[in-house]
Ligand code: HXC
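Encoded as structure tokens, the following chain is the form predicted on its own, with no partner shown.
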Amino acid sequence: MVLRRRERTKRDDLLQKREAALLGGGQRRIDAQHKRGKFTARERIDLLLDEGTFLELDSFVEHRATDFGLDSQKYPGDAVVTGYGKIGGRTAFVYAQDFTVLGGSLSEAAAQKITKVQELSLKNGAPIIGLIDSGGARIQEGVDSLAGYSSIFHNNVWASGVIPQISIIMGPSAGGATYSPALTDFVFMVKGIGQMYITGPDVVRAVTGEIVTHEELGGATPHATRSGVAHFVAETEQHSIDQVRRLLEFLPSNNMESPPAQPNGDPKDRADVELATIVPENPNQPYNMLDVLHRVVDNADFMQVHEEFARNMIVGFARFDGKTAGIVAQQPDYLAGVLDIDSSVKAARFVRFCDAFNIPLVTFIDTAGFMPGTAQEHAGIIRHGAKLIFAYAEATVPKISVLTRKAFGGAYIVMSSKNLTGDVNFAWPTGVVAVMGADGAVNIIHRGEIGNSDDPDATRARLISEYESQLMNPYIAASRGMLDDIIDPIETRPKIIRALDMMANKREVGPTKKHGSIPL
């Protein structure tokens, strides 16, 4: 009887500790979290993972600091909830910072919990998702907290290209804490709730005199449209979590697997007659490349990444015959699809992610070249444009391109061209490969003839017409083998699918080296 009573006591003690862990910083702080329109750490995990699959780790860990009054503020699990479960039936690891416990601040113990789950995800080849809501380093722990961030960053780097790493910004992320999300593959931010900045508004005002709000400085909108830090923006936490679950449907669990296939009933030989008239006859008239993409991918299902950043370039995930592919495309409807610094970096990062995770690349091209001007030159367009060259040339996954209208100058070379190891290069009859547009070329080549003419305008028009008919058509490039085929636009989808099928077992081995030196 005595033993049974002791067993009941131990069990009651366990249940009490588990109950305390579930309450985090207490009901009052949970209520305050809800009043801000925010879920708690555990509520977020329950929304993210398949129902009933979460298994928590380290729920009894407590911080060890005893100075500055923290000895009376110990909570089971400290300021982060960690564990694993299933997303869409596949294993995923997760950590969620708990703002109700000391503002979600990072202690040495919390850092060790995060690094443990990072290492488990890496060993087991499964994605890791961080739900970020933290006031930053725990000041009372000083250098121990900073050392914790260093360990987290190290694991972020070593997991890069091995498992998908995703961050969801659901509260503050300030100072050095911002660099862990920045090192992950995709950053999701919730409007009005998530903020990221190195120095807050008070410091900015003190140092520069600039008055700015938390949202203006580091909210979802500036990071999605200007800095490029945020890949996805959501109106609510639930919306953001839904986006993450959808993204993971396109991705493999690790770099040793192929992306998951999802047959969806869209015929692989489906043609689309609307594609025949989608490119305007006037070469200077814009059109929306998304209209092309939605017509060729499975069921018009395209998940755009970095949608609001560098909108002259489109990147994202889709499926062809149920298999994931990464899409890179110019957007003629914005800045005529020219390449600039931001669009080059945006595309280069996406290409490298796809290559790391065995995701084939399909590129749609319509660009007049690189953006001219002193602003771009002085900001390093040469250096940043070289990143895109490096990314495409380095990529060993299947690479297919479709030239819809024009590819001029260096921009032709950059966009998965044949000589940059593009595997299959298609062009529509409207496609043109040239050093530059006819007008500029004629003004250089025939400057003297035009200047000496009795009617310069008529002479220029005649020469432009001759240049266009003789040199500005896809058959010139095709005759040199730089294009593999000129295809009917309505057959774009079946052509891409057959090319992807042909390259399903592509193998490519480069020279032995530690790693390349991308022009960062």
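Just so we're clear, the structure is a prediction, and the values are computed from it rather than from any experiment. In case it trips you up, residue 1 is the first one in the sequence shown, and so on.
We do not show the form predicted in complex with this ligand, though everything after this point is about it.
Within 4.5 Å of this ligand in the model of the complex, a heavy atom is found for not a single one of 418, 428 and 481. Although the partner is absent here, residue 259 sits far enough away that none of its heavy atoms falls within 4.5 Å of this ligand in the model of the complex.
In the model of the complex, this ligand sits within 4.5 Å of a heavy atom belonging to residue 137. In the model of the complex, this ligand sits beyond 4.5 Å of every heavy atom of residue 353. This ligand in the model of the complex is approached by residue 105, whose closest heavy atom lies within 4.5 angstroms of it. The chain is drawn here without this ligand; in the model of the complex, the stretch among 311-319, 266-274, 96-104, 232-240 whose residues come within 4.5 Å of it by any heavy atom is 96-104. For the residues 283, 410, 176, 228, the 4.5 Å heavy atom test against this ligand in the model of the complex is passed only by 176.
Between this ligand and the residues 447, 246, 205, 214, the one pair within 4.5 Å by heavy atoms in the model of the complex involves 214.
Using a 4.5 Å cut-off on any heavy atom, the one residue of 34-61 that reaches this ligand in the model of the complex is 36.
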